[in-house]
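Next up is one chain by itself, shown in structure tokens, the form predicted alone.
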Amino acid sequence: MKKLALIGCGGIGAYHLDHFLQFTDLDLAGFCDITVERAEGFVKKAGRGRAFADYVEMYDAVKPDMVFICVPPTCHGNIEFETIRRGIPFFVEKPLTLDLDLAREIAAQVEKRGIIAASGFQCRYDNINDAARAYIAASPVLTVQASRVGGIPEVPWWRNKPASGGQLVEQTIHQMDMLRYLLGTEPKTVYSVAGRGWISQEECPGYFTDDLSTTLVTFKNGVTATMMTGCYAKNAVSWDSKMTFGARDSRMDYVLCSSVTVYREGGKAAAAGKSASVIKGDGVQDRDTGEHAEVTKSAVDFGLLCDRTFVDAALSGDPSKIRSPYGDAYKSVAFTLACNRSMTTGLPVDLAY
């Protein structure tokens, strides 16, 4: 059997390990973490493999056929270059890195060497995307109103923006990536503003990042979008996180990793009186006929599919079914890092890959 190695035995590494344990055609040969006790914990859970504190030592000893790289955003670079030098297919967790020049160089070397490399944008593998893309193909979208709101992850590096990139780069990059994937076009310009001051050091010691940010995006095909994201939420009722895609005669609510709901005219009449939320001319446009909702729910383990797709690519040498190769993932990272530059400068930023 082919050998798989994992670098980074934290929370996201455990997420992938749960998937690996469902695969019967792999030898889980090596686990590496700077805290070797965590790697030893993975060996114990897997029931096989060896623990290492140094990935070069692991590569020399194990000689893996594929590698999953699951380290914090600031820890990338040398790991990828050594992996590429050895010609090992690799899967790297988003956001790849916070250094765009570094990501660009890694992408160039991956292409030059013909290495199979993928990234952890697993939401692309959800079955709801078929319904979403079919809707967009049939109903040209003019605008998107999007948001993601949550709390603060427990890992200490996340709450420090220089270490994580902030919520937009480290978490909401999934929504930004799905905008590119679903709309089938690239962002042209971004303008972002951020807000702080609601979360105190008393509430969250070591917290040095944005509480929220709002970004205006113009895409190359003329679509405009806004993305609001925040980590200020105390509970689940503080915001309804979703992306609403608006066409001229319908709309689609896209809830990441959950559901797609398409609203069209033609449902049952409103039960009591008339309801309206759209202006027509100088008056209201009544929903006389009500709305018809078409719902598609997530029904697959998209994270498992994402990992399995990369494993199959590494086993077969055919990367054609990978939905987020490294070179494409680089574009989503560039998208979010451009937003961070706009927050810093106070000016719009043009995207240039």
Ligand SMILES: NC(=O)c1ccc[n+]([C@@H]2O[C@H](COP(=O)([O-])OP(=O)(O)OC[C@H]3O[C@@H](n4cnc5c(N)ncnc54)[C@H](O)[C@@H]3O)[C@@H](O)[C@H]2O)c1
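Numbering starts at 1 and runs along the sequence shown. If you're wondering where the values come from, they're calculated on a predicted model, not measured in any experiment.
One more form of this protein exists, namely the form predicted in complex with the named molecule; it is left out here, but the text below deals with it.
For the residues 34, 304, 46, 51, the 4.5 Å heavy atom test against the named molecule in the predicted complex is passed only by 34. Contact with the named molecule in the predicted complex, defined as a heavy atom within 4.5 Å, holds for exactly one of 188, 242, 174, 264, namely 174.
Between 114-122, 209-217, 191-199, 99-107, the stretch whose residues reach within 4.5 angstroms of the named molecule in the predicted complex through a non-hydrogen atom is 114-122. Mapping the unseen interface onto this chain, residue 17 falls outside it, with no heavy atom inside 4.5 Å of the named molecule in the predicted complex. Proximity of residue 89 to the named molecule in the predicted complex: non-hydrogen atoms within 4.5 Å are absent; the residue sits far from the partner.
The named molecule in the predicted complex is approached by residue 38, whose closest heavy atom lies within 4.5 angstroms of it.
Interface residue remark: residue 339 is not counted as part of the site for the named molecule in the predicted complex, having no heavy atom within 4.5 Å. The partner is not shown here, but in the predicted complex the stretch 59-86 reaches within 4.5 angstroms of the named molecule through a heavy atom at 70, 71, 72, 73, 75, 79.
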